[in-house]
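Quick heads-up: it's one chain on its own, the form predicted alone, in structure tokens.
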């Protein structure tokens, strides 16, 4: 099936006209990022990967989960239900789409096998009204390494619909999930039963010297905690947290009360294992008291904890942590080191 570019424009305009939220790559202050669009013309098409991931539309940086008011004799507590709008993410890259499985694994950990386990309804309600339309990457840049972690520029994981650009500038349409099939059926008038040759997709080379199997085996050995490699490779980390906030699979958050006088909100805010106070105990003890230990934890989370606990991956090879790091700490170098 093919959706022609003009028909895609009509589709987007009709979705917006119906009050649906469309998230797509846009240009803002000279950078490409995912954002809500007001019209099809807001979309930018010349991009490798937006600077942010679209996880912030499923798992916001900050959100209220309860409100309270203190009276003379009691405290009035009010739960918060997220305001939901049907959302279409158009132009996601395959690496970003794959990250949704990683987030879902954390926010539903064990709930499928044991219904009594906690499920994060704030995340699940948003994901339940979101359709992900991924566009396969025609090319990457020097920081893309999806093929090294088992994905490709046209991986369907996490996508509801996978689009591939044709030589005529249109898009081949492949529904991936039941939600994607239902979406295609609902908007079938915009799609034609045609075939067009596809543009060639350039695959990033699988990086020599990196073996995720060897990395996993090394990280499963408890002696790795005391390996001097961590002090060597993470010595320059300054703990800014840019890598975690830009990462599509990082999911850590804190819950705090923000009050003014006699009322306030209980809020869920993004947090990061790279911050000094993340593991600080009330006693003053901090089990990760130096930065290399905090960086070690992040690497273990990506390549040992995730693969051990879940079937999804903790790293999708998007390269954002490499692009944003102010001290040029490259996770691929550590992967190569541990592979040896």
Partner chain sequence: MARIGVFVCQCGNNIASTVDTQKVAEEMKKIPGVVYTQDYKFMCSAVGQELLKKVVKEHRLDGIVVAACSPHMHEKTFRKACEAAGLNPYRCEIANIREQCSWVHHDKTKKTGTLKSTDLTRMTIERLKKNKPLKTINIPLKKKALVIGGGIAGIQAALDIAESGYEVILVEKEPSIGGHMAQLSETFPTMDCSQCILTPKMVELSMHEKVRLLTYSEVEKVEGYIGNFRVQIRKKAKSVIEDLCTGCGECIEKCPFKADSEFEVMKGHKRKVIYVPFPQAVPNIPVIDREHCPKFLKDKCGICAKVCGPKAIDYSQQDEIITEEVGAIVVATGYDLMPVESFGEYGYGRIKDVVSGLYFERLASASGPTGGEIRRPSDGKVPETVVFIQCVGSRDPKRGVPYCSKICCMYSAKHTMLYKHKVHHGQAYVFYMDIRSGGKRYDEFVRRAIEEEGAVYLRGRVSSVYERDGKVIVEGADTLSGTQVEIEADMVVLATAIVPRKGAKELAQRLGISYDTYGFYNESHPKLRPVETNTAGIFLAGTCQGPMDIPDSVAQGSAAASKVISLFSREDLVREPILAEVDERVCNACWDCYYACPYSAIEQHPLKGRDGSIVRWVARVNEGACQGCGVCVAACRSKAIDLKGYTDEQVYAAINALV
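Positions refer to the first chain, counted from 1. This is a predicted model, so every value here is computed, not measured.
Keep in mind the form predicted together with its partner chain is missing from the figure; the text below concerns it.
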Notebook entry, point to check: Tell me, which of 169, 261, 79, 128 has a heavy atom within 4.5 angstroms of its partner chain in the predicted complex?
Noted result: 261
Next item on the list: Select from the listed residues 48, 305, 70, 65 the one whose heavy atoms reach within 4.5 Å of its partner chain in the predicted complex.
Entry: 70
Notebook entry, point to check: If we take heavy atoms and a 4.5 Å cut-off, which stretch out of 71-79, 189-197, 215-223, 169-177 is in contact with its partner chain in the predicted complex?
Noted result: 71-79
Next item on the list: Note that its partner chain is not shown here; using its position in the predicted complex, name the residues of 272-293 with a heavy atom within 4.5 Å of it, in sequence order.
Entry: 277
